[in-house]
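Taking the form predicted on its own, here's one chain by itself in structure tokens.
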């Protein structure tokens, strides 16, 4: 039972890291943050592989994790070089500003602002002042339920 709880802890941490990395990758437009989010996703998968390897008493998960970390280090070095070159060309790390790198057949991405959300002010019912009878029309008087 102890090994099952340990596996659950490994998988929980791995899925949290992967989820945070996915949200960071999809929500941010800064290239460095996007690459760090991709690295976080790789680490989440690696922790899950280590957990499954320990659960099955097999070193396959650990060995695969070592290869994943080696590939991630190479990817980080290449990504850093690409980011530096593109920053020198455009002067920004925003992904949208790199339109010149697209193929000529693709349309440009237009970043549209969200429309301003207008919230209507609520109209609250108002009670008459104390001691004053509310005005009731004869039409309302005829349709009222009598007890």
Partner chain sequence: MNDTPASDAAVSAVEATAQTFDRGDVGWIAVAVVTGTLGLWLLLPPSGAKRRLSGMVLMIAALAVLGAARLIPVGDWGYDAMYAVLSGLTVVAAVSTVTFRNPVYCAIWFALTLLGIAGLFLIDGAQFLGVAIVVVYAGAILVMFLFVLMLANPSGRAAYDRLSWEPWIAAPVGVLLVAIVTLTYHQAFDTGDTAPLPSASTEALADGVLANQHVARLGNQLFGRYLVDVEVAGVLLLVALVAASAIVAAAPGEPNNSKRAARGERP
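Bear in mind that the values here come from a model prediction, so they are computed numbers and not experimental data. Residue numbers count along the first chain shown, from 1.
There is another form of the same protein, the form predicted together with its partner chain; it is not shown, and what comes next is about it.
Taking non-hydrogen atoms only, residue 78 approaches its partner chain to within 4.5 angstroms in the model of the complex. Although the partner is absent here, residue 106 sits far enough away that none of its heavy atoms falls within 4.5 Å of its partner chain in the model of the complex.
The shortest heavy atom separation between residue 84 and its partner chain in the model of the complex is within 4.5 Å. By the criterion of a heavy atom within 4.5 Å, residue 128 is excluded from the residues contacting its partner chain in the model of the complex.
Heavy atoms closer than or equal to 4.5 Å to its partner chain in the model of the complex belong, across 38-52, to the residues 39, 40, 43, 46, 47, 50, 51, 52, ordered by sequence position.
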